[in-house]
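As structure tokens, one chain now follows by itself in the form predicted on its own.
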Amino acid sequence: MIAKPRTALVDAIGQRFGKEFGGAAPRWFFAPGRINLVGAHLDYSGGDVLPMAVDRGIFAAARLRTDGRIRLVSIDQQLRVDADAATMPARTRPEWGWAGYPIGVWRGFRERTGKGDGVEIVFGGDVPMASGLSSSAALEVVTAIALDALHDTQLERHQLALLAHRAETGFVGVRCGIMDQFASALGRAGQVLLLHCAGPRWEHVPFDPEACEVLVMDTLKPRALAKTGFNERVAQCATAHELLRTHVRDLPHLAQYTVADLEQAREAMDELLFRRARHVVGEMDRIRAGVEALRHHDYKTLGAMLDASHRSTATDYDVSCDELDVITDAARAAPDVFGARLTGAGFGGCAIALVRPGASGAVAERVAEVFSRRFGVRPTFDLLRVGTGPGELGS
């Protein structure tokens, strides 16, 4: 059990719960957001990814109901939802908005366990929505952890991650891989998750916060194209995979092919599909090098993999933008930065920079000056640390 922090955010959630629902005290839960060090857009192509659960995420105060109502409130969103468990549809409804994610988890949990009691939850978070730090996965995972604890079903964490993933893909309808939910559900202090999405299989790799810090740089540009652009990339990778299976060899996932395989199938692909596949295959090499670097505490090589990853996502995968390119270039120009790249789906939102301990303030000032001069907007910065992972909060 994790100690409940005494913060204004937690106090606000507790006050809102009392105002909305009254009665006995709720139980408290937390699930972290994540940053992905290397492995951009690999999870849905059966590749490997290297996410880190951070010390920011979504908190939830929750209590079961006996009347079959699902009542959800967020202190970050105006919309509050009251749904009927007895008439739960197979897909989310537009009027549910953000609440479709936790409702989808509730529906999947009922199918998995047979437990269909109503629930009332107030959510609040310190992970910005649509920033690339995976607030939706944290919202799903904290709901799954709450339902599991409230019903004492004792599901494994990876089972909760799969419930959360099915809620997003099946109930909400976002085509995504498993990385975000697994990173949130399986996070550990002092380690990052090496997730082999094709299994899925996973292992934990040490990350030394005393040797390297992660500075998140928010461009403040909304990721307006992220959903449509993301779904396009998923479809393009699926098409490239089919062409490789037909013209080269039949492997289960796009990420398992090699550069030589791509060259063999080049005449069968148009230039766009070739570049999409080249990013996936190249990123697998970069993540292998990044994991090896972490195991040897070689943050210079890890940073070089971040730089190469950003170049590939910008040129081959086309998910960067001017703001992300400028902010990462400015960070790389600082002497205390190991490397930088966009994080999340791209098209806006955040980038990360690996910096020497104690240097983040100076790096942020230098980057802010360059970015503000170009775009007339000052970006925001946050220094994130490896989190403790998800769980129930104690008193």
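The structure displayed is predicted, hence computed values, not measured ones. When you see a residue number, it is the position in the sequence shown, counting from 1.
FYI, the form predicted together with a small molecule isn't displayed, but the following is about it.
A.B. asks: Please identify, from 66 to 74, 324 to 332, 32 to 40, 53 to 61, the stretch that has a heavy atom within 4.5 Å of the small molecule in the model of the complex.
C.D. replies: Among the listed stretches, the partner-contacting one is 32 to 40.
A.B. asks: Can you check whether residue 179 is within 4.5 Å of the small molecule in the model of the complex, heavy atom basis?
C.D. replies: Residue-level check for residue 179: yes, a contact with the small molecule.
A.B. asks: With heavy atoms only and a cut-off of 4.5 Å, decide whether residue 363 touches the small molecule in the model of the complex.
C.D. replies: Contact with the small molecule, no.
A.B. asks: Residue 230 near the small molecule in the model of the complex, any heavy atom under 4.5 Å?
C.D. replies: Residue 230: contacts the small molecule in the model of the complex.
A.B. asks: Taking heavy atoms and a 4.5 Å cut-off, does residue 44 contact the small molecule in the model of the complex?
C.D. replies: Taking the distances in the model of the complex, the answer for residue 44 is yes, it comes within 4.5 Å of the small molecule.
A.B. asks: Please identify the residue among 345, 367, 350, 355 with any heavy atom within 4.5 Å of the small molecule in the model of the complex.
C.D. replies: Of the listed residues, the single hit is 345.
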